[in-house]
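Here's a solo chain for you in structure tokens, the form predicted on its own.
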């Protein structure tokens, strides 16, 4: 028992678990919107765009969250602007995110000395999170969940059918901008936990698991958030013993859980379709 509880003797680990679970909850809840709207590409691209802000923050000596946050919000707004100028959304995403990512790579090739904090932005290192990171992630989690609660119905209309939402008076462009900014805030807040290269999996996989288990949107959000938080807890716990990056541990575990749930749901569907020849309800 002492061996199992050993990690919780360290303050940094307890802090890491709390931050990781909040990140998993937030990624899971917002992931339902992202997968339903088929916005996985913009989430993936925006996470790479924020890399440019992370690099410049380090070079200029700015706070990671301030620099990355400003850059992420700017990238999200620029994508929305280009889309409104008759540029296809996938093209706008490609232009903004690849340019930002290329800028980050260019700066990296010039300034070759980077701290462990920057490496965490690439691959995730939740065990290195400090008290300030805890408060920032907590604030972002509360703010985003509050916005989802307040704008639940408009976002629901916007998520499924933009044309119908517009007919019912939902400001579609405003919802586009609001969700893009929420997505940028989510990515910036969780980069330290999962890293640029792995964060999209934490957004998509719990939401995909919830879709396999339920067809009701509200239930999907609850299931996805719960699964995301639980997987983050177990993944971080295992990363301590296996001495691997927290982001990799969380993503590998979530992929394993997705495979198990997919197999189980397929088995259940086959079981329901099968009717024994001796079953009294079998049609003649």
Partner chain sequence: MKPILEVKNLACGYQTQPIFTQVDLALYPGQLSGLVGPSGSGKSTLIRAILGLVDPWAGEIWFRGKRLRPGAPPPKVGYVPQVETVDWSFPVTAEEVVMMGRYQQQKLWPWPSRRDRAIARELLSRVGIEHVAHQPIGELSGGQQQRVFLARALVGEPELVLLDEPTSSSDLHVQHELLHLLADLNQQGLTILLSTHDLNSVATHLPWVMCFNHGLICQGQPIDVFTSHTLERTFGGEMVVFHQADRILIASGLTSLRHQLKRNLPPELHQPRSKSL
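Quick caveat, the model's predicted, so the values are computed rather than measured. Numbering follows the first chain given and starts at 1.
The protein also exists as the form predicted together with the partner chain; that form is not presented, and the subsequent description refers to it.
Heavy atoms within 4.5 Å of the partner chain in the predicted bound form map, among the stretches 147-155, 91-99, 73-81, 182-190, onto 147-155 alone. In the predicted bound form, the partner chain lies within 4.5 Å of some heavy atom of residue 160. Though the partner is left out of this view, residue 217 does reach within 4.5 Å of the partner chain in the predicted bound form, counting heavy atoms only. Using a 4.5 Å cutoff between non-hydrogen atoms, residue 63 does not count as a contact of the partner chain in the predicted bound form. Residue 131 falls outside the set of residues with a heavy atom inside 4.5 Å of the partner chain in the predicted bound form. When you look in the predicted bound form, the only residue of 105, 212, 167, 174 with a non-hydrogen atom within 4.5 Å of the partner chain is 167. Contacts between stretch 23-44 and the partner chain, counted in the predicted bound form as any heavy atom lying within 4.5 Å, involve 36, 38, listed in sequence order.
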